[in-house]
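A lone chain, given as structure tokens: the form predicted alone.
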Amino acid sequence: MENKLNTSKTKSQAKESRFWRRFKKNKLAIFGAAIIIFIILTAIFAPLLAPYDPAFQNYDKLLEPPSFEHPFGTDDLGRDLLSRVIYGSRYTLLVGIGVVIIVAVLGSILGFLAGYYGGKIDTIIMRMVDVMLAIPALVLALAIAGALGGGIWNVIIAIGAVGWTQFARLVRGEVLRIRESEYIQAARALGAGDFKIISKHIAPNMMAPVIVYITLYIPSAILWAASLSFLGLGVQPPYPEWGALIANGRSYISFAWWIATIPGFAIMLTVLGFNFLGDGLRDALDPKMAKNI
């Protein structure tokens, strides 16, 4: 018994070492991970890092360009833009993580049901997916967000309600691929039930593409949330969400470029970080997947 445990530990350690060797070879993935860690730490320690209250209005400092006192300048109400961008990282990460939770839970359940049981269940779920994919995603998200009203939680629900379809298709495809494997047939022949087969055999063997997809979907959720906020259907003022900051600065872009440009750069940097990290995870977890793309 101890030999089996030692053997399993050795195999898991070998997998971890192979994963780390592959991952650290990708310099862009390391760079992306560093960006994400920096954004997360910024969000956690925002009260300590922000030099001013993000909501404080100083009418003596309206539309001031970047300076030593205000490194990112001020907006049309004299609020420090650096402080607002720092606090905005909290809303950005909250939206990304919240949307991914909804998408992963809903998409996994429906994808598992469709791929594992097939038949009428598969037909009904996939027709639902087809109907939703037939509607332009942005239009559907705008409609849901408009019906629910503004606010960060409504934005998360709107984006999650649109994004689960792709995740369901991914999970269904992986389940269909793994379901016909010999070890699944052997487990079924030995009397294993559906729950045991799914939890012990199918789910662990499809984690690599799922993890990669989750990592790559977070930047999409961030861009969607910024788009909705830019259109006035996302996070509402005075909350300093990055998309709302860009929308606020578009009226002053010709003479106060920093109000819209700096939050836009923050979005770009965060999205690049997640994309680089996702590509690195894909290459490290499944090199064959990377070669086929």
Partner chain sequence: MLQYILRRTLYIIPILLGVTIIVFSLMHISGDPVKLIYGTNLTEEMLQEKRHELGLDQPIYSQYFNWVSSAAVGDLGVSIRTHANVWDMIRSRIGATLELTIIALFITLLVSIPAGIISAVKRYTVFDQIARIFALFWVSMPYFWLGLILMLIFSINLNILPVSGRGGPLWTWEGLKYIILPSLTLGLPPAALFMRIIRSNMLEIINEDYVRTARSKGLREYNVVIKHAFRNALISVVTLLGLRIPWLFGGAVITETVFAWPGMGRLLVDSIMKRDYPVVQGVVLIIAILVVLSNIIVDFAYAYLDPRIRYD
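Since we're looking at a predicted model, the values are computed, not measured. Numbering follows the first chain given and starts at 1.
The same protein has a further form, the form predicted together with its partner chain, not shown here; the description that follows concerns it.
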query	finding
Stretch in contact, per heavy atom within 4.5 angstroms of its partner chain in the predicted complex, of 250-258, 50-58, 36-44, 63-71	250-258
4.5 Å heavy atom contact, Y239 and its partner chain in the predicted complex	no
Contact flag, R177 vs its partner chain in the predicted complex, heavy atom cut 4.5 Å	no
Contact flag, V235 vs its partner chain in the predicted complex, heavy atom cut 4.5 Å	no
Touches its partner chain in the predicted complex: K196 (any heavy atom, 4.5 Å)	no
L223, V210, A203, L93 - the one with a heavy atom within 4.5 Å of its partner chain in the predicted complex	L223
Single option in G151, G78, G146, G173 placed near its partner chain in the predicted complex, where near means a heavy atom within 4.5 Å	G146
Members of 229-248 lying within 4.5 angstroms of its partner chain, judged by heavy atom, in the predicted complex	F230, L231, G232, L233, G243, I246
